[in-house]
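Shown here is one chain on its own, the form predicted on its own, set out as structure tokens.
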Amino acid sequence: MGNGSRTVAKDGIDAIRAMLAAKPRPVGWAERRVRLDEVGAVWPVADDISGEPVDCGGVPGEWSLAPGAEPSRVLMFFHGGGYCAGSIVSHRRLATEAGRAARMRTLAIGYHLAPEHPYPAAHEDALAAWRFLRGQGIAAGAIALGGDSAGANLALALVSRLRAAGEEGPACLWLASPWTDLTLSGSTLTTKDADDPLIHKPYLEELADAYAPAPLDRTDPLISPLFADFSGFPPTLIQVGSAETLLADATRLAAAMGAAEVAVTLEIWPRMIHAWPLWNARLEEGRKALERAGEFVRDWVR
């Protein structure tokens, strides 16, 4: 039975790789955004999910709720896409199923994108959305922050900003395939380049140039959270695939958080690619990763 499970898993991730390879990433920003929406939304939201748009203090958002979820507890989710693509649409299946796993309401945030809106536009949107949520009477301890890739970067930066302002932060963090180092110094950008079907150094350089153009210092912890002071950060779950060029962004983040005495859990999922929980509808490991994230969030959100 164990061998059969591994075979199914292999077929599952190989099928996702084939889907991605069938239509490579286009060149222009507008075309890339359309492509990511297509790829992320290839399998629709489950029929039993209810959702509605919301204005989060001038920032687009979307509430979603699965049957049996607790509306007074909220997973605030920031989508990935390198700060230049991605949307509520591209990550709707991921965000809604994460809420189901966590048994709480989800608030997905549609922050402004670069290059039209470079740093710190997304940060201002994240802070506005957080304050909107708190203004709805949701206690900080009833909020989990989640994000994948650049969305995980944004979640980390938001916690840093809240701490600097002396404001109470979320109960916990869930970070999937986090992009934490815009200086691009991670060793796996080279060693995993042949394994990763999505993320390569030249592409990351293009994203970093669009989001944090010169003369911005990309070692700034708000741009590259890997270099932040993590003292006082909430419990954090980091999930990353073994086939990711951003693997070292995750492992170095876990080490830095652990050194700062954060209750951090690092999961490295064999053979998984960047942001694999996006395809949870047809990928068993995607569903299992969300189940693990849901368990983690429920342990900390009160």
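The shown structure was predicted, so the numbers you read here are calculated from the model rather than taken from an experiment. The first residue of the sequence shown is number 1, and the count goes up from there.
Not on display, but discussed next: the form predicted together with another copy of the chain.
message: Using a 4.5 Å heavy atom cut-off, which of 214-222, 130-138, 192-200, 167-175 contacts another copy of the chain in the model of the complex?
response: Careful reading of the contacts points to 192-200.
Non-hydrogen atom contact R35 with another copy of the chain in the model of the complex at 4.5 angstroms: So R35 does not count as contacting another copy of the chain.
query: Does S242 reach another copy of the chain in the model of the complex, with heavy atoms at most 4.5 Å apart?
result: Answer yes; at least one heavy atom of S242 falls within 4.5 Å of another copy of the chain in the model of the complex.
task: Find out whether any non-hydrogen atom of S50 is located within 4.5 angstroms of another copy of the chain in the model of the complex, and reply yes or no.
output: No - in the model of the complex, heavy atoms of S50 and another copy of the chain never come within 4.5 Å of each other.
- request: Examine E261 and determine whether its closest non-hydrogen atom to another copy of the chain in the model of the complex is within 4.5 angstroms.
  value: Contact with another copy of the chain, yes.
query: another copy of the chain in the model of the complex: within 4.5 Å of a heavy atom of each of R92, R103 and I143?
result: Checked in the model of the complex: no contact with another copy of the chain for any of the three.
- request: Go through 241-270 residue by residue and record those having a heavy atom within 4.5 Å of another copy of the chain in the model of the complex; state none if no residue qualifies.
  value: The stretch touches the partner through S242, L247, T251, A254, A255, G258, A259, E261, V262, A263, V264, T265, L266, E267, I268, P270.
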